[in-house]
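Next up is one chain by itself, shown in structure tokens, the form predicted on its own.
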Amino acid sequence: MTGGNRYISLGFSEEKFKEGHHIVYIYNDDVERKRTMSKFLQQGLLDNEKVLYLVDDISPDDMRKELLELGVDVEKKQKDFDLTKGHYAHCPGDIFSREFMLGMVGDYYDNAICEGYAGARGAGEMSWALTDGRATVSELLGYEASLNDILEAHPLTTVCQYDARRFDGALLMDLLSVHPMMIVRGQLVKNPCYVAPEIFLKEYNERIHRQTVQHQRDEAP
């Protein structure tokens, strides 16, 4: 299902943006992040969008209480708001699957439109990503890069939240490379580090291959 012609408010910025943006939010201030995300989620509810939040740091019930305190109508708008555990929890065996999640994103937008919503938006906490073997770095980056193509046809406006205190600098730079837009000090800005998905994946795979070959040489007797 195609779309993407609407211009929407993100809630935390006065400017309107085309729906379907793939946004990264690298943060180290939990108070600012929750305030920004609450505005993003509440605006979606006000604009007749289906809203999804994938939580990881705390339980969905605790997150619901925090959002209520921050002014998000999660009780009055229960049928419009899906608050659930993080990405991996929706995959078979609680092990992250790039293909499964990409399909879920597309279906979520399509189902929202079929149900009569004007659009859909979602935000996810990504602290789960490299915990307990749920995903590898290559799987995570492959998912984030491929998500750009999915959102072209199924323009769910998406915010991926990464805690700068939990991810190393090299990985954060790669993550920046696959998100066209980013949140900086509560504002949405064009990401100067963005690389087209097919180019990023080609360069990333070549880099990993070189590193593997070099490691094998270093380990050789």
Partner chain sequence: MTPPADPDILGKIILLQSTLHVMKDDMAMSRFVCRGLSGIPGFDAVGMFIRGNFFAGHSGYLAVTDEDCQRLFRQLSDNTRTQSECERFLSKFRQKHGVHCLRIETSFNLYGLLLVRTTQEDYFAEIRPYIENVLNIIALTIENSLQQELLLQNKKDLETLVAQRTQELESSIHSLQIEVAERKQAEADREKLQAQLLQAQKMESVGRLAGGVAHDFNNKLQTILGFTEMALDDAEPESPVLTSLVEIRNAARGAADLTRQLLAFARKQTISPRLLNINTTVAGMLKMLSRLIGENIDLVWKPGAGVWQIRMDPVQIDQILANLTINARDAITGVGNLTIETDNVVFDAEYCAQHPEFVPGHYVMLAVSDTGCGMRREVLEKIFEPFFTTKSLGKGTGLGLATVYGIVRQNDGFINVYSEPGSGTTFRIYLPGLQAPAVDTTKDTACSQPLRGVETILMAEDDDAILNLGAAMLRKYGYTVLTARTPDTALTLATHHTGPIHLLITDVVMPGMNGKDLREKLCALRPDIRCIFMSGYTANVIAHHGILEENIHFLQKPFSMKTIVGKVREVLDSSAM
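No experiment lies behind these values; they were computed from the predicted model shown. Numbering follows the first chain given and starts at 1.
There is another form of this protein, the form predicted in complex with the partner chain, and it is not shown here; the text below is about that form.
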{"property": "Location of the partner chain contact in the predicted complex, chosen stretch of 149-157, 176-184, 49-57, 64-72 [non-hydrogen atom, 4.5 Å]", "result": "176-184"}
{"property": "The partner chain contact at Arg207 in the predicted complex, heavy atom, 4.5 Å", "result": "yes"}
{"property": "4.5 Å heavy atom contact, Leu172 to the partner chain in the predicted complex", "result": "yes"}
{"property": "Interface membership of Gln211, the partner chain in the predicted complex, 4.5 Å heavy atom rule", "result": "yes"}
{"property": "Contact of Leu188 with the partner chain in the predicted complex (heavy atom, 4.5 Å)", "result": "no"}
